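So this first bit is one chain, no partners, the form predicted alone, shown in structure tokens.
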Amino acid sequence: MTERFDLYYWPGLQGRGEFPRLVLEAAEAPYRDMARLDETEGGGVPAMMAILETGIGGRIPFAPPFLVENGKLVAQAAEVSAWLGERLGLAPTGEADRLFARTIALTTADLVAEAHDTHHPVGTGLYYEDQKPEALRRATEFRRERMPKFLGWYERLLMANGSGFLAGDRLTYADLGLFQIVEGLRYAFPRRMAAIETDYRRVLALRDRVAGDPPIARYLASPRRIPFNEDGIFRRYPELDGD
């Protein structure tokens, strides 16, 4: 492969950038994590901010993550993941399944937004400490209602498809997204996940299958995999967790 992909996302956290990053790693594609590069190499946060200000060829992304390849710019985690998956052999082959894989990725993005809002339900510009009562209320509803609803939907998809994958009969970017969801929920809500995750045995089997994929296993064991932390989408606040 001669293409080189430049991925832009905030350094030091997985966040939404981890979804396209997993696709790049699973495909063993040549890419640069631009904001993590030194400024002398054309990277760093200033390089990312320059594109957010002026764009590429007049195309200005709203926010990271975004990807640049040969003068083309693609933004939004679900769209970048889908574009990469279809280009790198990590998408279903049939048209109906390819379209539905995009549906899955967009629904996963909805879940990511809801997980974020458990700790920032009032405003993203406020500190968590400024909205703790609202966060507790939001997190309680998320744990009790939304987590089972989303995980149950993934479980039904896996049951209906029958291949062990969400769409089609091979590993795709949609499966990589679900892997990241399970990892994030286990980090942010370990008590709740311990209480309910065995109800979703197909989801867990797929998570394990992704983790055991050789390129992903190598990535997870490498320093390229940024640990979860309290600056990302999935944050561990024990007071927001529960059975």
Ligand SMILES: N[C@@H](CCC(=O)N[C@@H](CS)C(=O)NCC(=O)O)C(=O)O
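A residue's number is simply how far along the shown sequence it sits, counting from 1. Owing to the predicted nature of the structure, the values given are computational and were not obtained by experimental measurement.
Keep in mind that the form predicted together with the named molecule is missing from the display, and what follows is about it.
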item: Option touching the named molecule, based on a heavy atom within 4.5 Å in the predicted bound form, out of 63, 205, 194, 217; value: 63
item: In the predicted bound form, segment of 29-37, 185-193, 206-214, 55-63 with a heavy atom within 4.5 Å of the named molecule; value: 55-63
item: Partner proximity in the predicted bound form: residue 10 to the named molecule, non-hydrogen atom cutoff 4.5 Å; value: yes
item: Close approach of residue 166 to the named molecule in the predicted bound form, 4.5 Å, heavy atom; value: no
item: 4.5 angstroms heavy atom contact with the named molecule in the predicted bound form for residue 16; value: yes
item: Contact label in the predicted bound form: residue 77 to the named molecule, heavy atom within 4.5 Å; value: yes
